[in-house]
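Encoded as structure tokens, the following chain is the form predicted on its own, with no partner shown.
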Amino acid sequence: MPAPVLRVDRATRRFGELVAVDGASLTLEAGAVSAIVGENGAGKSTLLKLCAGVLAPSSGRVLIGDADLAPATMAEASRRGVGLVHQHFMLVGAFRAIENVVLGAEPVRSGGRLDLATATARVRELMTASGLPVPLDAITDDLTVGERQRLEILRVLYRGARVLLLDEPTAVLSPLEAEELYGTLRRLAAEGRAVAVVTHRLDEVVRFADRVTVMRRGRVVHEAELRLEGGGRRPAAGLEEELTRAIMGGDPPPPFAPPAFAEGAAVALAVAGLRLGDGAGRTLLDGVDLEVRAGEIVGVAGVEGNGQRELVRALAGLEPRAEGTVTVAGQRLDPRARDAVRARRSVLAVVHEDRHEDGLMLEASVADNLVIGDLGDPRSIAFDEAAVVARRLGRFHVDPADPARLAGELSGGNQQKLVVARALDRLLSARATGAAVLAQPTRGVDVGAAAAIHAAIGEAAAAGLGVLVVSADLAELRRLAHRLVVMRRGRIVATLPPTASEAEIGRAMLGVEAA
């Protein structure tokens, strides 16, 4: 059967008075990788959900081939060859990988018995053909982030998807994993599939996409062909700036410059001999030694899964098996327990990598999320909740600035602003000494939101806090940090200046000696 073309024709989607998508049109062609970009809340994810039947348009049409998507349901879209990979993994962690692939589309033998053998053989063929290796017998929670992303794509391929829609697929991937993913997507497109990717990473758009659609406030405001006739591509020079201007409707934010830092400043965060193992005897942290001085921004680089997440959790007191010492602003904090919650909160701000799992109560209001942890403090007797909420909303330009709105209704970038605002404002407004630890602080956020978060990080350092930033985005770390440390197999294996070449940093990340 010929690969279908998916088309959105002047679609609008309303949620009460909010117009999330406003008369948007989009065409996805077989053999092409299309990118959809825009600010947080621009309507990108909603447009993708219209394409996949997750949402029905309030007006306008979605067509697969020459026929309307009717009924506008995910089941009908899937039946007609459209598959959506959500921004946040939709996997059952306790299931084996193969069980997640077939969930909802289980093959059965006579008598209604599950036929996993047939399913496994078919999925192995898909893995070989698509270049998406996943250990199918492994428990999903034990997979790396990259393996879980590949598993999500296998799920839609298993259901026969000829149109692949991916919402922020590289937000949780390292640069190497992102490049491998785009290589896979280009192969799938070359086989006749249509691929659409929502992303905030404009460097990926310039390098890998065939065309790009820019959205702003629910509308399509710019479209560009990046693949030229004859197989060439548009020159990259100036293209990112062109897209940034279209996204923001004006000039891009100025580049970040880290504030001046005194080499002899007092140590704000000291970690010594930090070790952590899991219940299976594996070493997750292997004697981490690290110092961050007041006013210093230190970036932590490394391939995902080399102890970065465990380091952040141990600093936050969330790893009961951790051993070693953590000292912040002269206070000794137990890495095994968060029993001294108030003492920890008074000197240490932590932003975890998964805002949904560790940062927000999605069914609570924006206001409640902005003051989580503040109201139980004895010092909060005179706490002016409304004033604090207003200050934190304004400081980070959360949009919409509606304290009563549910956090789960905000775009991913605005949710991230809530988490960062709560953590940093708590120390900055109190003029506290201490440290801030931020894991993936701009994951899944747009250019403007990233600039606001970077500015807040700079403000924290300028105020005398020691700042530790963990990020899979090496370019971000090189822009932000005074110094980089590289983690591999639970250890810090290198300390480098941000001006070090990508090759040098990459060798340290992979444990490869220079030629």
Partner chain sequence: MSAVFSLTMVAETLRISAPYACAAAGGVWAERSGVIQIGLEGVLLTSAFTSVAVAHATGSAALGVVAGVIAGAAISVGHGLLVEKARVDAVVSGIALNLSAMAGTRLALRGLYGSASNSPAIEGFRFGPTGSAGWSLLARVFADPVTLLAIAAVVATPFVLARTRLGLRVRAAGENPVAAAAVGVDVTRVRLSALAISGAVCALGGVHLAFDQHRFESGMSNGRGFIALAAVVVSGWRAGRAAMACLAFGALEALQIVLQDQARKGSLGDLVQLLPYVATLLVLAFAAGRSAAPKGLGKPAEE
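Note that the structure is a prediction, hence the values are computed from the model and not measured. Positions refer to the first chain, counted from 1.
Heads up, the form predicted in complex with the partner chain isn't pictured, but that's what we're talking about next.
Looking at residue 431, you'd find every heavy atom of it more than 4.5 angstroms from the partner chain in the predicted complex.
Among residues of the shown chain, residue 86 is one whose heavy atoms approach the partner chain to within 4.5 Å in the predicted complex. In the predicted complex, the partner chain lies farther than 4.5 Å from every heavy atom of residue 257.
Within this chain, residue 91 lines the site of the partner chain in the predicted complex, having a heavy atom no more than 4.5 Å away. Think of it this way: in the predicted complex, the partner chain has a heavy atom of just one of 250, 264, 104, 231 within 4.5 Å, and the residue is 104.
Between the options 201, 443, 155, 293, the residue in contact with the partner chain in the predicted complex by a heavy atom within 4.5 angstroms is 155. Only one of 92-100, 206-214, 304-312, 318-326 places residue heavy atoms within 4.5 angstroms of the partner chain in the predicted complex, namely 92-100. In the predicted complex, just one residue of 57-78 lies within 4.5 Å of the partner chain by at least one heavy atom: 74.
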